[in-house]
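So this first bit is one chain, no partners, the form predicted alone, shown in structure tokens.
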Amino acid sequence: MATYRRFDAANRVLHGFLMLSFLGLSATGLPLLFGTSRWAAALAGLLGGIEFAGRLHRLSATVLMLVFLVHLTRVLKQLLLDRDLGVLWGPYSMIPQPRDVVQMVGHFKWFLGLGDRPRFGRYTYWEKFDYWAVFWGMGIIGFSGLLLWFPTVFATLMPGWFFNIALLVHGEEALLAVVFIFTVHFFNTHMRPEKFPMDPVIFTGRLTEHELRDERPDEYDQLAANGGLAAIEVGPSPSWVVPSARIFAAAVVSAGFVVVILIILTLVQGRG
């Protein structure tokens, strides 16, 4: 069976650093946010203490910001230098479009047995939601984090009460991001029946012909019609890649679910 490229090496490397930096931010940020909980104190101890955890937090933040800037640079190059207007609209754009709303409604109807499954293309509506959530996070969490990281610099420009808001926003939005990634994103990516226990595509960059035809029929039909399938056909992944990816993904997903449970228990106990 033929195998086709979905993500190039640069995309996979950027996602790898994005994933590792997010995990680093989560592991070091949660002990600061839930400092009075036993599990948070134990996690901070494993990381070398609160002070060292703070250093790792800032290191992870730096990596994430660099990943974000590199991605923006690649998009701007594609748009301005390569004159590829498909970045802004069309089947290969990450910009939300009317068809995404139609497909989302159709998808929920399919969940309820009220219609057929929509024919998805290159990017689905939930993938676009995940994509733009990163931009929201970089704007809200990233900016508030910079305020807290360099208070003396920003204090010359902003009133003191602004830092209290930044502290609240940074913690609450980061908590929302952690819970979303460890539940909704993990389910959409790895826990769907057709992908369980994981989807290795972000590690291998490859889809089989069966996956491309069944999961993204609009993209498959378009490529088949214009002869584009041959251009993206690649060989199979090395034999060690998928098993290694499965082990790594299983560990991360399991840890994510444990963290979500601990967060929920801590919040419930706090209210009690």
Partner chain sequence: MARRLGLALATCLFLGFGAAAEAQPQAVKPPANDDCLACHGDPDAKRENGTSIGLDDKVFAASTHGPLACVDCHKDLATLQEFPHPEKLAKVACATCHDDEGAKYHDSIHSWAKEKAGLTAAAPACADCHGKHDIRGRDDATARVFRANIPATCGACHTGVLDQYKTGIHATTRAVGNDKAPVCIDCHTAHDIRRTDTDASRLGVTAQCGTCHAESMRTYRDTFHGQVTRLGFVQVATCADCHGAHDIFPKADARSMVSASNRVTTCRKCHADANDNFAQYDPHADRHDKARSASLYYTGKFMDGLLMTVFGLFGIHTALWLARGLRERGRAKK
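All values derive from a computational prediction rather than experimental measurement. Residue numbers count along the first chain shown, from 1.
Keep in mind that the form predicted together with the partner chain is not shown, yet the notes after this line are about it.
Heavy atom to heavy atom, is E172 within 4.5 Å of the partner chain in the predicted complex?
Flag for E172 set to yes.
Just to confirm, M158 within 4.5 Å of the partner chain in the predicted complex by heavy atoms?
Yes, contact at 4.5 Å.
Is T62 close enough to touch the partner chain in the predicted complex, meaning at least one heavy atom pair within 4.5 Å?
Output for T62 is no: heavy atoms all beyond 4.5 Å of the partner chain.
Quick one: is V241 in contact with the partner chain in the predicted complex, heavy atoms, 4.5 Å cut-off?
No, V241 is distant from the partner.
Looking at the partner chain in the predicted complex, do all three of W110, W136 and I165 come within 4.5 Å of it through at least one heavy atom?
Verified in the predicted complex; spot residues all in contact, yes.
Under a 4.5 angstroms heavy atom criterion, identify the one residue in R122, R99, R74, R117 near the partner chain in the predicted complex.
Among R122, R99, R74, R117, a heavy atom within 4.5 Å of the partner chain in the predicted complex occurs only for R117.
Given the stretches 207 to 215, 230 to 238, 66 to 74, 32 to 40, which is the single one in contact with the partner chain in the predicted complex, using a heavy atom cutoff of 4.5 Å?
Residues of 32 to 40 come within 4.5 Å of the partner.
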